[in-house]
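Only one chain is included here, represented as structure tokens and corresponding to the form predicted alone.
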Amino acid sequence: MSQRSFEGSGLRIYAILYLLFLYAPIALLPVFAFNSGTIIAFPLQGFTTDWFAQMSTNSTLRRALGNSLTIAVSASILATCLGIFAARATTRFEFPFKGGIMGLIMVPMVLPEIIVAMSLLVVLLGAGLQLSILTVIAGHTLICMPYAIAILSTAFSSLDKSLEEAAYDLGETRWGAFRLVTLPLVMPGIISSLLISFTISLDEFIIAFFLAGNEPTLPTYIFSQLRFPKQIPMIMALGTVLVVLSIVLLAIGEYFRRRGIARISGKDSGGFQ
């Protein structure tokens, strides 16, 4: 066996082991979610859907889900709108300290979330603001913005400037060209930004734990139930639903991102015409 073949086999083995380590715990969620036993252990007791039924009738869970959906929708819209402004500015205009300003905006992507959450908590309490869903929305918008900007910057930077210039030559104003030409072309990137920001906000725990006050969110509710062994199977059922939802949303977001890049570069031969 040649050295290159040996290295290729080693890399495949490493990739398989890595994927097993990463996804095996997630794959166990639906296994125990449909298990009739209350103890999370093998052997399994039997098949049941009672935990999903129990999940659907839990009033506190429904309240937490409603709060999380409100926060995720609001944060994704705000982060995407602000991301459009930032991406447009950084890809089309030159201004002093652009690199430093964009670097500061992207800092929440690499800064530990617990530091961000503690800082926001100190600022909000110092300003005399009451912790509520609104404070969580503000925190999640801050966390989601760097991801939205990264996606939208790719969409705007791939856009041919001559298309906007042609609109100006035909008599359109800057706002008209942006609304009628630019936005439709970067719409797949906007949809991708909305979906990914929604997923990040829905799954985010630390910011919600510090800033939610007395309002439960889905991650904080799940955390609070982990100390009650009888609630674990229901949490497994809920985790199964969240994993499926996250995978679907991320897949849709990636699909629109790739279609957007293909459309802007002129390589998409079908759809979005």
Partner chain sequence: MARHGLDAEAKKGLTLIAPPLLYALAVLAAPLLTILTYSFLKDGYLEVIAEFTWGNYAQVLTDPIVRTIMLRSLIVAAMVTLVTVLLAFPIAYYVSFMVRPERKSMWLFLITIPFWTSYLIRVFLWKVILGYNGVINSTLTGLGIIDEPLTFILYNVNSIVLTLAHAYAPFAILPIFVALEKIDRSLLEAGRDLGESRAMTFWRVTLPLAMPGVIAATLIVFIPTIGDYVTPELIGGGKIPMIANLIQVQMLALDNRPLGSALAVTAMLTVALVSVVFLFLNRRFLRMRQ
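Heads up, when I say rigid core I mean the largest set of C-alphas that superpose within 1.5 Å between the two forms. Worth saying up front: this structure is predicted, and the values here are computed from it rather than measured. Numbering follows the first chain given and starts at 1.
Another form exists, predicted in complex with the partner chain; not displayed. Remarks below refer to it.
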- Contact test in the predicted complex: residue 38 vs the partner chain, heavy atoms, 4.5 Å: no
- Message: Please determine whether residue 32 contacts the partner chain in the predicted complex, using a 4.5 Å cut-off between heavy atoms.
- Response: yes
- Item | Heavy atom of residue 196 within 4.5 Å of the partner chain in the predicted complex | yes
- Task: May I ask you to state whether residue 70 is within 4.5 Å of the partner chain in the predicted complex, using heavy atom distances?
- Result: no
- Query: Of 77, 89, 129, 187, which residue is found within 4.5 angstroms of the partner chain in the predicted complex when only non-hydrogen atoms are counted?
  - Reply: 89
- Would you mind checking 104-119 for residues with a heavy atom within 4.5 Å of the partner chain in the predicted complex? 104, 105, 107, 108, 110, 111, 112, 114, 115, 118, 119
- Core-superposed C-alpha of residue 24 shifting 2 Å or more between this form and the one not shown: no
